[in-house]
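In structure tokens, the next block holds one chain alone, the form predicted alone.
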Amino acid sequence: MTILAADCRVAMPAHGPFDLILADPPYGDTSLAWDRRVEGWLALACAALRPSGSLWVFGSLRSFMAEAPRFKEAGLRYAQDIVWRKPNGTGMAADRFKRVHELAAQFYRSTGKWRDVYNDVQRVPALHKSKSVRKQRPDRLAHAGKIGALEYHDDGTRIMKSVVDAQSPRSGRHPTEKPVALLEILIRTSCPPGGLVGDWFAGSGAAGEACRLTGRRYIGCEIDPAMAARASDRIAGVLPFDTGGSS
């Protein structure tokens, strides 16, 4: 559980390969002093992934549309995305919908196959349990987003939906801090228990806390030394690994 005070492009590649990389990079969309585009990190992150690894990146639809060529040039292929729905959002203009969501998109190496990427689809309790048993097509394989069982027996759970409700952090640690509960979902889904997570823009260390709680190893990188120190203290104060594995 380590936080490096450095530029991720310099420090992180040597600490791979990573089972999962998390990133909430600045896109240069605003005039804020810290919001400066970081060039070249995507290709380095792609190279630092295990063949079974993937990259989850936070951003807006506008940022992903603008960055699409860079993801492709870096050797990354889109897999899926989730919507983080916030209870309160921001209204930057009176002629726009109030923005109460943020996206996180998953990518994997374009030279690999999706079926080889670690993917433990999370399940949640079902609101209604079906008593029926239904037949499924036998030619479908599990990991390609398909169901292979000949029969379906309701176990009282359902695949988690792609819209996730989570409270926005109000700790004041970092202006773009992400909820630990949301990060736990991504980590459990895309990193095997005991695997290594690389947090390339660590900020306040929320992902490190989530790794600590889920039994994953963690290396984060934050370019602001003062923020890196606070993130390190935050992670050190979290209870030890949950050795129960994924759920």
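A residue's number is simply how far along the shown sequence it sits, counting from 1. All values derive from a computational prediction rather than experimental measurement.
The same protein also has a form predicted in complex with a small molecule, omitted here; what follows describes it.
Note that among 193 to 201, 62 to 70, 209 to 217, 47 to 55, the stretch whose heavy atoms approach the small molecule to within 4.5 Å in the predicted bound form is 193 to 201. Although the partner is absent here, Gly40 lies well away from the small molecule in the predicted bound form, with no heavy atom inside 4.5 Å. Shown alone here, Arg230 lies farther than 4.5 Å from the small molecule in the predicted bound form, counting heavy atoms only. Using a 4.5 Å cutoff between non-hydrogen atoms, Glu177 counts as a contact of the small molecule in the predicted bound form. When contacts are judged by a 4.5 Å heavy atom cut-off, Ile3 does not count as touching the small molecule in the predicted bound form.
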